[in-house]
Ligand SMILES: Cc1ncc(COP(=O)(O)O)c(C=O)c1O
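The form predicted on its own is given below as one chain in structure tokens.
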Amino acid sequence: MKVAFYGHVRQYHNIKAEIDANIQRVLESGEYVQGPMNKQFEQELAAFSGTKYAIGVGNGTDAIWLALMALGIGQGDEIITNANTFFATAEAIWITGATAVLVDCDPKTKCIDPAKIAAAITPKTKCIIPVHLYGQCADMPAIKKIADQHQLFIIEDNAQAIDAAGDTFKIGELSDAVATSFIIQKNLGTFGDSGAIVTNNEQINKGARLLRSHGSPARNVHSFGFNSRLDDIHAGVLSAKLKHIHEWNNQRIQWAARYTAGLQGAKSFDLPYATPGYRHVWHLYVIEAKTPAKRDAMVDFLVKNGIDAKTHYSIAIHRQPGFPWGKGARIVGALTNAEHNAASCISLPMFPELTAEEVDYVIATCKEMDAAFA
């Protein structure tokens, strides 16, 4: 049996009529950029997120740096985030001209460790960017407490956890803005690149809307800005899918539970941790090789047996060849957990359209792998 890592085509066929109808509406409207469908989706996304505003942009990376720039953050400022995430989180900081300050992650959740944040704060610190990694919320109450004590902004990187929540909070309630990606791999993904900022902050709403479209508040009127807009065809796809996202995430939760139950007792790898009381939406189901040196061979074993396993993210940000040592970046403390996570992570197939037969085959193959590598 072969088990794919993504289920994009299956998902499309399941709601093909809804997606096709929205695309047809856009094509017939003749308005393809910042038109009626884009406005409709922004309203739907804001309502879903429980925020006043949603601003569609070109991608999730742009969502981060446009939110930062709307707050006036840039050259000479420092922004704290974690090292074990996709490179774009730090990249967005560098685009603004600010310095990325990397701290370690929590060994269980893999999200930023609040205990490491306080030691990284300096008079130059302006913002914290917690990443809700793999579909699980970071400890936002603890992060919010630190931010309030030091009068810092919070921008949540929520590229992987739309519809997730904490035990006492929703994403967006304890921050200044949330940056979201809609690239096809995400839980809510379109057929290409796009992203959004959701916020209750009027300054971010006004600033990001200007910045995303050449600084233009009206036709032929411009100030400093960029070109980063969510087009209406993507908005139509996302509008159709948004209606199903809670149901799809519930299915991810069921598959994750099936994986966890079936893989208990493994000797060669550790299972992912879900914070009690949190809604973890399982963008990724990531196991960790107990012996990192064996990780690549373990991935090869799965692939050779038909399972399209992958690694996320196998090189921590500060180990990337493009990391700007001595310029634009600073590391605070040992990044032991981030480096272990990068060296040991194995992502198993995870999408709502998996079948029970496929999930059980992945479990059985992982057990064979465990016997071979324990």
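Position 1 is the first residue in the sequence shown; the rest follow in order. Remember, it's a predicted structure, so these values are computed and weren't measured experimentally.
The protein also exists as the form predicted together with the ligand; that form is not presented, and the subsequent description refers to it.
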(message) The chain here is shown without the ligand. Which stretch in 100-108, 289-297, 87-95, 221-229 comes within 4.5 angstroms of it in the predicted bound form, by heavy atom distance?
(response) 87-95
(request) Let me know the one among 61, 347, 49, 337 whose heavy atoms come within 4.5 Å of the ligand in the predicted bound form, would you? (result) 61
(message) Just to confirm, with a 4.5 Å cut-off on non-hydrogen atoms, which of 175, 181, 136, 81 contacts the ligand in the predicted bound form?
(response) 181
(message) When the contact criterion is heavy atoms within 4.5 Å, does residue 186 count as touching the ligand in the predicted bound form?
(response) yes
(message) Just checking whether residue 159 would be counted as a contact of the ligand in the predicted bound form - the rule being heavy atoms within 4.5 angstroms.
(response) yes
(message) With the partner left out here, check for me: in the predicted bound form, does some heavy atom of residue 131 sit within 4.5 Å of the ligand?
(response) yes
(message) Using a 4.5 angstroms cut-off on non-hydrogen atoms, would residue 32 count as touching the ligand in the predicted bound form?
(response) no
